[in-house]
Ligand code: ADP
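Single chain ahead, by itself, as structure tokens, in the form predicted on its own.
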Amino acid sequence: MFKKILIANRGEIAIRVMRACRELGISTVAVYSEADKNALFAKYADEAVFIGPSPSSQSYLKIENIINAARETGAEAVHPGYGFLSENTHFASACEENGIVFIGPPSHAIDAMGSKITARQTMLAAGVPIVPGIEEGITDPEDAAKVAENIGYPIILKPAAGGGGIGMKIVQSSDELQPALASSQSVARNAFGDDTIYIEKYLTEPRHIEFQILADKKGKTVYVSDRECSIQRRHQKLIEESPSPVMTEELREKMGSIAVKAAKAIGYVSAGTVEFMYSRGDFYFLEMNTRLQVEHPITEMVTGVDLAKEQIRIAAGYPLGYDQSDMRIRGWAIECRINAEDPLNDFSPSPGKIKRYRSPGGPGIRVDSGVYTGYVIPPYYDSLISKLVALGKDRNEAIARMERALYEYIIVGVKTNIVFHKAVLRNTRFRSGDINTHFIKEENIIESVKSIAAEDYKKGASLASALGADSRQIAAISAAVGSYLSQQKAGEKS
């Protein structure tokens, strides 16, 4: 087993990996930017290395600095977390070239899944079902028009080199194609340096379902659990749950087997996620994330498998201690991503100082976070404050526990999307499990947020007082009430 691991990431995921290391008796090294010098993850680690004066994400993207930090501290392995360099082939190769173990898949597997076009071609050759579309990229508008007519509208345009929903455009008719293509290419060019687009058939009432897999260096691959990730805004996941409400044992075995087949097709090793689109009984390969997912805690909660530890064990050469028959789902877990953003202002980021912070607890509740009272959320990174997870014996109990946890959660100083999560969980259609990737828009959730916000912020002052908030903090909550009510009235007038 490794004696020391460097975590090439920040925030809650860095702490999550460090916790796994601590339980395994492994020393940890953090790397941090100027903006993160007072961050919890930098203090939690056994050692911390400053990797650049830049307060932006660029500090975490400088491969040479991270490799140097690993060599100087004697770290035998590097865990990339998610985001930043986690799916960067050059980084994985640099680790390999410097005799440092990359805790993730081999660079060739990252490369195979890094391009959506290459991934589609690989999966098609392996017999994995894919969404009707093309296997080659397109840059020419005339070619795009021919392909779109052949597939049939509606279609979706996706940057070949992209991810996270960046640059995706849904096109309903031929009249919309050219402006949508130009927009998608512009975004792709600026974000990824590549304006190649590929085209897929756009599915009706699509659900986003993914399968967690684990693969060791001995050739064993298993699927751990399924996750429903359909509650999204602009293709960004906000609420996930495991298992999926639509799942049956027969469907799970069928989709899980395909996920394993996809992983084996590229010689995959480590933890990974195979994502599918599900529509009216059919499912299709979407993409493979060659890293730990943000939503991995819900899988851990319902299966008892520590995915971070398994990643480390696999990277160290240990075989999987599980067979497929060992993978059992017990109960139901839901995760809400708590972000520093304003749901009543188009989810705009809300960086700033956290003046009061009290996380929820009690039966079945898990909070993965990297913040504390007095911490300043910088404007340079993702706005994630924490991942709030609730486990219940069934879906109804998981929802009830999540609602209770959201009620207990107190964050003063920055705006958060807690009220958004309350609105979703109270929605009748969500409670029935009848969801798809258009749920937020179809159910007009933001209108529900407005009324719930006014109600909840009034209650917030009394709860904050009971938990020890001083008069200034209560005043801040009262001011927030006025702000939300003003926005609600403004919205009604417009």
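Computed from a predicted model, the values in this text were never measured in an experiment. When you see a residue number, it is the position in the sequence shown, counting from 1.
Same protein, other form: the form predicted in complex with the named molecule, not shown, and the subject of what follows.
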Assert contact_stretch over 304-312, 387-395, 281-289, 405-413 against the named molecule in the predicted bound form, heavy atom within 4.5 Å, equals 281-289
Interface residue in the predicted bound form among 65, 27, 437, 427, criterion: non-hydrogen atom within 4.5 angstroms of the named molecule = 437
Given that the named molecule is left out here, which of 277, 338, 215, 123 has a heavy atom within 4.5 Å of it in the predicted bound form?
-> 277
Taking the shortest heavy atom distance, is residue 227 within 4.5 Å of the named molecule in the predicted bound form?
-> no
May I ask you to state whether residue 168 is within 4.5 Å of the named molecule in the predicted bound form, using heavy atom distances?
-> yes
Does the 4.5 Å heavy atom contact test between residue 131 and the named molecule in the predicted bound form come out positive?
-> yes
Does the named molecule come within 4.5 Å of any heavy atom of residue 223 in the predicted bound form?
-> no
Tell me whether 4, 10 and 44, taken together, all sit within 4.5 Å of the named molecule in the predicted bound form, counting heavy atoms only.
-> no
Stretch 195-213: residues contacting the named molecule in the predicted bound form, 4.5 Å heavy atom cut-off | 200, 201, 202, 203, 206, 208
